[in-house]
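Below you'll find only one chain, the form predicted on its own, shown as structure tokens.
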Amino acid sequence: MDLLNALVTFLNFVFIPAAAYGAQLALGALGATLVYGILRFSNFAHGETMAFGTAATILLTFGLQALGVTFGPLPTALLALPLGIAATALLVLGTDRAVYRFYRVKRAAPVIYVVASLGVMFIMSAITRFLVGVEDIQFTDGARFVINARDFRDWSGLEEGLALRSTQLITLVVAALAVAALFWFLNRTRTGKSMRAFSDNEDLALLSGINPDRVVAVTWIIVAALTTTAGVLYGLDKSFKAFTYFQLLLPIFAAAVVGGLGNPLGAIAGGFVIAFSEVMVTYAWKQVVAYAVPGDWVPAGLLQLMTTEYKFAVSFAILIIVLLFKPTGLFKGQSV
């Protein structure tokens, strides 16, 4: 029974939260790797794009709730998500036309795009804060739990109760559907194949008659969909605070680099590697160990390598290690 209690504790505080967080990072990293692979620059405004898309979805969610429209046991934000994606797509397409297109015509060096994206980041940050402010916002409604800890304890007879929040299950399901739709699009549609060809060899793709403006526009629309979905899922699972999404930029880039920049499969794998690393390093393992070993062997300390305040240091350390020893990542993407 003690081993079962240890397993339930591990699922509650490590596996389930890390899986949900990994799915959110994977979606964000997919957007970052698409920008790098097709548009060929690291977009430092990526986190603020997530924040804007989430803020727009929150405003639409509150509007629907004010009208008495809900989604039953599911969060109303899922109803507002398509409109939030559309608003984000308009923003990033407008940004591309106003900023990045000029440098693309001039065939500017990638570092110029990076500097430009920093300016875009500050502007997007200001827009988001103007829309929803800087306070912590909770916008989750509907059923809170799929599996309730008390009901699980009554059913199983264990001391520990398994808890699965609705937002965690929704995150995993929506992320899986989004990834499946993306891979179907990239591999089965003519536009998706054009994007892959443009990423592999831009000059040859242009000679083949591929319209670069169309590829760029579709890329930004997909990035808007991925970032807004990732941001909304993260906000539903935890809460929304504009500055948090700027902080997410590091683990998202770390996930993209760990998996291999420009490789969508690598972005997904990298997201889960970063998420599980952060959670496992910052979790206090004493409770799990207390169930797994005899009572006399239980240590006095918390068995926590780092506090949660330093979880982003884990992403940074992994990023540095990968850049030093395997710059192409786990799936042999483009080197940084």
Partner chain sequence: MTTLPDATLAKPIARPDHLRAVLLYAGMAALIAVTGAAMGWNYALTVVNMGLISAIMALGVNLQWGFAGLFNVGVMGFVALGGLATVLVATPPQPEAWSAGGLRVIAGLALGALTVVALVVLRGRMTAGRGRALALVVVGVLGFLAARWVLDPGVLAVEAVNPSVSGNLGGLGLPVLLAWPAGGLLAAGAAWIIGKTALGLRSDYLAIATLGIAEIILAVMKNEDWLARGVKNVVGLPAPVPQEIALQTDPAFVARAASLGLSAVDASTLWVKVLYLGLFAVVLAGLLLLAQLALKSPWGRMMRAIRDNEVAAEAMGKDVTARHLQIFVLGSALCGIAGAMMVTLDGQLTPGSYQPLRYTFLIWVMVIVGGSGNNWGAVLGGFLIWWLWVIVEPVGNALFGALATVLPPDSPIASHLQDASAHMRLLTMGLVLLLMLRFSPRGLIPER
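Predicted, not measured: the structure shown is a model, and the values here were computed from it. By rigid core we mean the largest C-alpha set that fits within 1.5 Å across both forms. Residue numbers count along the first chain shown, from 1.
Unshown form predicted together with the partner chain; subsequent notes refer to it.
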query: Heavy atom contact within 4.5 Å of the partner chain in the model of the complex, the stretch among 177-185, 226-234, 69-77, 239-247; finding: 239-247
query: Heavy atom of residue 11 within 4.5 Å of the partner chain in the model of the complex; finding: no
query: Touches the partner chain in the model of the complex: residue 103 (any heavy atom, 4.5 Å); finding: yes
query: Contact test in the model of the complex: residue 44 vs the partner chain, heavy atoms, 4.5 Å; finding: yes
query: The partner chain contact in the model of the complex: residue 94, any heavy atom under 4.5 Å; finding: no
query: Option touching the partner chain, based on a heavy atom within 4.5 Å in the model of the complex, out of 216, 116, 170, 81; finding: 116
query: Residues of 280-309 having any heavy atom within 4.5 Å of the partner chain in the model of the complex, listed in sequence order; finding: 304, 305, 306, 309
query: Displaced residue check between this form and the one not shown: residue 11, CA, 2 Å or over, core reference; finding: no
